[in-house]
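Just the one chain here, the form predicted alone, laid out as C-alpha cells.
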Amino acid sequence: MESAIKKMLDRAREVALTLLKQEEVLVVTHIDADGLTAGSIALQALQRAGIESDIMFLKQLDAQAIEEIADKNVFTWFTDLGSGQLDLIAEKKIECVITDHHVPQGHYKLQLNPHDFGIDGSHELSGSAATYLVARSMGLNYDLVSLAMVGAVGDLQDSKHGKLIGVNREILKEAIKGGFVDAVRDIRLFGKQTRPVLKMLEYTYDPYLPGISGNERGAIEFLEGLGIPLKNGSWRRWIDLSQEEKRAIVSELVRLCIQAGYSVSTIKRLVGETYILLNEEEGTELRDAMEFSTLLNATARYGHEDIGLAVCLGDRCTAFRKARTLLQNHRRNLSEGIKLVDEIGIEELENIQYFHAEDRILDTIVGIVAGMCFTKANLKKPIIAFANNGKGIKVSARATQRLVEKGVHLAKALHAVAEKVGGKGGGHNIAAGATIPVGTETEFLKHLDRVIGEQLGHSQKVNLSSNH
C-alpha cells in the first residue's frame, strides 16, 4: 500500500507540474457532490496559482460533450470523470490531465486514478480526494482538504466499513492534524445537525426503519416509548440529546433492524465514523460532511451547479440560503421517488431486479432512489433503475458489498452491455451508470442478467416479465 501511495503522489506531482505550466485551464467535472467538490478544489488551486480558469459541469461525458470541449481548444482538467472516455478524448486530441476514480478504459500518462495503482476507487479514493492530491502538489492548498472529505463521503466511500479507508484515510489524517476535520463515532443518519430527531428518523430510508421511515406518528411514538422528550422549548436535534438518550435510540433501532431480518452489515452501518468540519457553524448543514454532501447533490443534480459551486467557494449568504431551499426540494423528491417505486414495484429476473421510472423520477436522482430502495428489495440481486432523459434512457445500477465480494462488478457489466445496445456505461464495482437508446431496455436487461449471472457463477434462465 505504501509503495502504491508513493507512486500515486509522484503522479500527482507530475500532473501538478503540467498544470502549473499552463496559462489557461478549463475544469470539466461531474454534477454530484464528489464532482462539485473536485471541480471547486481544482478551480481554487488554479486561481491561487494565477492561472486563468473556467469550469464546466456535465451530467455525462459523452461524444457530444467531448466535441464541445475540443472546440474550445483549451487545456482541460477533467475531475471525477474522463477515465472512462480516454478513447474519445484521444480521438479529439484534447490536451488534458485527469483526476478520476472510476474504472479507467485504458491508460494515460497524465491521469491520476487509483485503479492504475492497484487501489480501489470505489472505497479508497474519491474523485475529489484524487484532485486534492494534485492541488496540494500545486501549492499551499491544505485548507481544501475539507472539501475532499465532503466529496468522499458524498460518494459513499465510507459506506463499506462505516469509515473512510485507504488513501482517503491518509488524507483524513492530514485534515485532522491540520484542525480542519474531526472524526467522531456516532449514528450515521442524515440530519444530525439540523433536523428535529423525529424528522431525522422519519426521513431515514437507508436503512428503511420499519414503522418509522415515512411515518411521522411512528417516529413520535418510537421516541415517546423511550421516554425521550421531543422538545425542550424548541424541537430537539440529535446534537441536543444526551449520550444516554443517543444510546437508547441506537439500541432500539438495532433491535428493530434485527427483528426485520436485516443483514449484519446493514445493521453495522447504523453507527460509525462521522466527519465534522470544524470551521463551519454548528447546527448547519455544512458542519457534518454527510449533510454538506447532500446539500451539494441538491444543487447540481437539479441544474443549479453554480449555487453548489458558490457554497464550496465559501459563500455562506445568498448561495447557502438558496442551497437550503433546494435541499428541501431534493429530500421531498427522494421521498416521492421511494413511494413511486413502492407503487410500480420492482421486477425480478434470474440475477437482477429492476424498475423503470420513465419521466416520474429525474434521471439525476434515480440512482440515489435505487440505492435507498435496497433495504426493501432483494439484497441478493443488484438493482437496476431506468429513467428517461433527453439523450435516451439513463441506467443506474447499485449492488451491495456482499454481491461485490461474490464477484459482481457493475462498471464492467454496464460498460460491456451498454455497448452491445449502442450506449455507453461505466462507474464502480458497487455502483455504475449508463445511457442507452430508447427502446433497448429489454435487450439490455437480457444481456445484463446473463453477464451478472456469469459474474456470480450462476446458470442462466432468462425470463423477461416486463414490456420495458
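Residues carry their position along the shown sequence, with the first being 1. What you are looking at is a predicted structure, and each value in this text was computed from that prediction instead of being measured.
Unshown form predicted in complex with a small molecule; subsequent notes refer to it.
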Worksheet item: If you check in the model of the complex, is L156 within 4.5 Å of the small molecule, heavy atoms only?
Response: yes
Practice prompt. Answer with yes or no whether R398 is in contact with the small molecule in the model of the complex, where contact means some heavy atom within 4.5 Å.
Written response: yes
Worksheet item: Does any heavy atom of I41 come within 4.5 Å of a heavy atom of the small molecule in the model of the complex?
Response: no
Item to complete: Although the small molecule is absent from this view, report whether T440 comes within 4.5 Å of it in the model of the complex, heavy atoms only.
Response: no
Worksheet entry | Partner-proximal stretch of 164 to 172, 388 to 396, 207 to 215, 184 to 192 relative to the small molecule in the model of the complex, 4.5 angstroms, heavy atom | 388 to 396
Worksheet, complete the sentence: As a check of understanding, the residue in H123, H330, K381, R136 with any heavy atom within 4.5 Å of the small molecule in the model of the complex should be identified as H123
